[in-house]
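What follows is one chain in structure tokens, specifically the form predicted on its own.
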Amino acid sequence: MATKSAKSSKTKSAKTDEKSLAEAYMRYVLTEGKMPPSVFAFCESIGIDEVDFYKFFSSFEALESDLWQSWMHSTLDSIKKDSNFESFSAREKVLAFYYTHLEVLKRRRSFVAMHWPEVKKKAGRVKSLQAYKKAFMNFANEVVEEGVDKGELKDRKRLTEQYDKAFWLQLIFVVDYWVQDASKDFEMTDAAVEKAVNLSFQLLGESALDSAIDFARFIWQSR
């Protein structure tokens, strides 16, 4: 009994903040193989009062949302700090994003892989990923606008407005491929990223897609 009390006292004296709570949460999930049954149970397991958790997060969902959002912001901050980033083409910016983002996620690969089946199943429509998605979509819109201005992407009016969604689906594909990649140092993922990005810019740029759209428009108007 004395030992348990000493352990609890020692833990409670430690600093409690967003980062330490997030780290403890991921450790719990990976060690136990499941989410904590309640905030109370989680706080008991790490020796803090439940009220201390609520100073930073309203729920586990809010905590996970903060995690994913922080990984996205860390990626975007990193690539934009590169002095050469602004001189990159739209395609190069997307490539830089993917390679950097996978490096960020690699530090939390076990946690990401454990949660990924649910994310993939719902195609990213998980509440805890909404802030993550919003940050990415803002980046994608910037890339699309720049790509159209510089002629890398074809302006197809209303269809152009959907390009950011295409890049979001591509991000889901890339992370999913990486989660399942068993190659050394994820070499296959690097190759898949380059091929996926090249294909997307070929399709969204001047391509056979325009001929297909013109043909479809002709068929529709000739009815």
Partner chain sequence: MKEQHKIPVSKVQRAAKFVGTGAKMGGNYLKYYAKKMVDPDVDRSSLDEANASDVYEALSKLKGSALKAAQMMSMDENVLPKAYAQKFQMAQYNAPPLSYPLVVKTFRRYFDNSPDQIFDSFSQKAVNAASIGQVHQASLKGKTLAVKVQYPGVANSVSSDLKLAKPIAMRLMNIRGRDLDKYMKEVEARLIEETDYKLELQRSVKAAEECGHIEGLRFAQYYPEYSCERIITMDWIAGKHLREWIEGNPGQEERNRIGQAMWDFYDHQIHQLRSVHADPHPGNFIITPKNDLGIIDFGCIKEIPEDFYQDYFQLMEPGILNDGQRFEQLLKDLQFYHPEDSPSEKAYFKSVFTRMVELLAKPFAHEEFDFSDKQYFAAIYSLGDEISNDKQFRRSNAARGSEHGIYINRTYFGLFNLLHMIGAKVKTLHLKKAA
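Positions refer to the first chain, counted from 1. Being a predicted model, the structure only gives us computed values, none of them experimental.
One more form of this protein should be noted, the form predicted together with the partner chain, which is absent from this view; the next part is about it.
- Site annotation in the model of the complex: the residue of Asp49, Asp185, Glu161, Glu32 reaching within 4.5 Å of the partner chain with a heavy atom is Asp185.
- For the candidate set Ala96, Ala113, Ala135, Val126, a heavy atom within 4.5 Å of the partner chain in the model of the complex is found for exactly one residue, namely Ala96.
- At the 4.5 Å threshold, heavy atoms of Phe88 reach the partner chain in the model of the complex.
- At least one heavy atom of Tyr177 is located within 4.5 Å of the partner chain in the model of the complex.
- Heavy atoms of Glu92 reach within 4.5 Å of the partner chain in the model of the complex, making it an interface residue.
- Contact check for Glu103: a non-hydrogen atom falls within 4.5 Å of the partner chain in the model of the complex.
- Of the candidate stretches 51-59, 65-73, 188-196, 151-159, only 188-196 has residues with heavy atoms within 4.5 Å of the partner chain in the model of the complex.
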